[in-house]
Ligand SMILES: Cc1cc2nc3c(=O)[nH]c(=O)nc-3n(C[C@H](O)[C@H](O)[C@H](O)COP(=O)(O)OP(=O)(O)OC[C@H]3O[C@@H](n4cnc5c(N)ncnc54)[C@H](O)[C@@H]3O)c2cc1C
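Okay, here we've got a single chain as structure tokens, the form predicted on its own, with questions on binding and movement later.
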């Protein structure tokens, strides 16, 4: 039997089911060396943020356990990917490298160089799409190089989208043990001084098993109210699958197949109502696909506005305002609730992400890239394509973006989507005793109401950082200036 191993490089595909690279490596009938390289170099300024590192720590633990159950010990090393692979290939005599592609520009560049290096060394590279429904350049309009508007992109997706058989978890792979391997703890992914990760640890459980349990719960209980409930942060309508998708603990094809199976079980009476909810959920999955389509064709998306006039925007350099936004002490309860949820759990409700983004960019007039960087460091679902695309969308400078003149009023947004104050009371407890009438505008509450609620504005809860009406006028004036 051939003892020279093939290497399976794990990156953003931390699962054993529907993993094409692992599946095909196991089918080769050669010993399989599962490998994870913790690379802090290749991504440059987009190296993994703090919250993502916490997620990775526990996700690697889960992957390790699952692979061990298959008699495939995970080998963990640290260093630049290409140099580390070269060293391990020479050490093991490996002639076949299996991987699932990553579509961030830095990984695409790295994979191109890797392929050239491997060809010179006589090593075959077997690469697969394990993270998207479509390759980012698979869909093309007839009259343009790529889609710049979501709706026609989505319509193209729907026309050709179909489920496929999932790649099965290997049942009888031949293992290849290589020592020494780092322990997950030796990667030092968890914060120490101070350890701010307790909220994230309490809020989430990582791994493919948890991803599938969450998906089943969503399809059985939350799907029925998805299109309405996903706008209300006090409800539990979102699937919360985004971090599992980013780290590859579940594949979009697994979600698509499960959604199809759920639809096969509905009664005739349920079909119309649930069908609309399923379509809405599928639309959100395709929104993620669209962000990768855009990133592929506009690799400067994380750093440069697509609408070039925004290069001239005189952004505010007010570091105190930025810090207040980051800490959730702006004096606008829905904004503060969102920012505190983010810091505590590594997650923020989608509707609230739009509200806090609009507030940073159009009320505080701070560069959207500052928000993008903060989210990159604090979100457990920080994904380069989605994060950059959505920040440019909110700022009005991206593809198919909300126009800049669409400026959310944080008070009325709170009153509309958190009318009972459930969300705000959870994350801004110092104003929890306010009646619903004032929960989103404590600065307007009568002094007696504030006193009875135990609130001293400016001490126990801040006054609003800005006057929203005046900030809106200024933002629109600046937009007019850069448009001339």
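Residue numbers count along the first chain shown, from 1. Treat the numbers as computed from the prediction; the structure is a model and nothing was measured.
Another form exists, predicted together with the named molecule; not displayed. Remarks below refer to it.
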Checklist entry - Does the named molecule get within 4.5 angstroms of any non-hydrogen atom of residue 369 in the model of the complex? => result no
Item to check | 4.5 angstroms heavy atom contact with the named molecule in the model of the complex for residue 291 | outcome: yes
Checklist entry - Should residue 305 be classed as touching the named molecule in the model of the complex when contacts are defined as heavy atoms within 4.5 Å? => result no
Next on the checklist: Residue-level contact is defined here as any heavy atom of the residue lying within 4.5 Å of the named molecule in the model of the complex; does residue 383 satisfy this criterion?
Outcome noted: yes
Next on the checklist: Please tell me which of 110, 284, 104, 400 lies within 4.5 Å of the named molecule in the model of the complex, judged by heavy atoms.
Outcome noted: 284
Item to check | Interface residue in the model of the complex among 241, 94, 157, 72, criterion: non-hydrogen atom within 4.5 angstroms of the named molecule | outcome: 241
Checklist entry - Going by heavy atoms within 4.5 Å, which of 390-398, 307-315, 111-119, 331-339 lines up against the named molecule in the model of the complex? => result 390-398
